[in-house]
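What follows is a single chain, given as structure tokens, in the form predicted alone.
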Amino acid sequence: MSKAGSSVDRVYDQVRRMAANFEFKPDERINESTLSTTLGASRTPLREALNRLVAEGFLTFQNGRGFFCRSLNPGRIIELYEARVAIECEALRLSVARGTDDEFKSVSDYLDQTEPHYENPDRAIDILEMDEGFHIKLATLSQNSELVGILRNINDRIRYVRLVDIRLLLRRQPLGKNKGAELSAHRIILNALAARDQKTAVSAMRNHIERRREEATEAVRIAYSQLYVPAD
């Protein structure tokens, strides 16, 4: 990789992380000069990184005005959840047909290792990462790298709101199982996958994601208030 290419990738990774975490406020104009100084980067790799992030949906661009952080509103988050449902259900459908029994066992082992930690109310960030890991592992079994790439993008764009949502849930009850349920949603999906029961697996996945989509409005409201009135 050339030095210029390496510089762009470094700046891109830094700005992408900042945008994903809303270190820029929603709809805030990005001051390229200030950001260039902060990152110790020249304007050319910074501009290329910003353009890449516009294409990926983390930033927006207005002619004559420059780059802006993406909006944070319930309607947009719900759209991303709807896209997530479509991507994950299609990936799971393909995974039922293409995954091997050994691969299903590997995902089951991962769930065995991570699921007990879903009971810990002090590990919201870890829980989110473990949850994303489970869903990415399932999608990877589809053998469709485009679907996996789109899912990773969606995960990063809703991560801030999902973290708020998980913290809200943890205040109410542990996340391992739904109240009164014998199995977690993840385990139900995985069991159907292992049985190659496509209909049950996809239905369980759809229900699992849509339940959280219904809470998106409240999570966005809290996320927005936290960005502008940070806790002491």
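Note that residue numbering follows the sequence shown and begins at 1. Everything numeric here is computed off the predicted structure, so don't read it as measured data.
The form predicted together with a further copy of the same chain is left out here; the points below concern that form.
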| Contact residue in the model of the complex, from R123, R93, R152, R159 (heavy atom within 4.5 Å of a further copy of the same chain) | R93
| Looking at T114, S106, N144, N73, which is the one with a non-hydrogen atom within 4.5 Å of a further copy of the same chain in the model of the complex? | N144
| said: Please identify, from 41 to 49, 23 to 31, 162 to 170, 186 to 194, the stretch that has a heavy atom within 4.5 Å of a further copy of the same chain in the model of the complex. | reply: 41 to 49
| query | So, in the model of the complex, is A139 in contact with a further copy of the same chain at a 4.5 angstroms heavy atom limit? | reply | no
| task | Report yes if any heavy atom of D131 sits within 4.5 Å of a heavy atom of a further copy of the same chain in the model of the complex; otherwise report no. | result | no
| Does D101 make contact with a further copy of the same chain in the model of the complex, using a 4.5 Å heavy atom cut-off? | no
| task | Could you confirm whether F68 comes within 4.5 Å of a further copy of the same chain in the model of the complex, counting heavy atoms only? | result | no
| message | If you apply a 4.5 angstroms heavy atom cut-off, which residues in 71 to 88 are near a further copy of the same chain in the model of the complex? | response | R76, E79, L80, E82, A83, V85, A86, I87
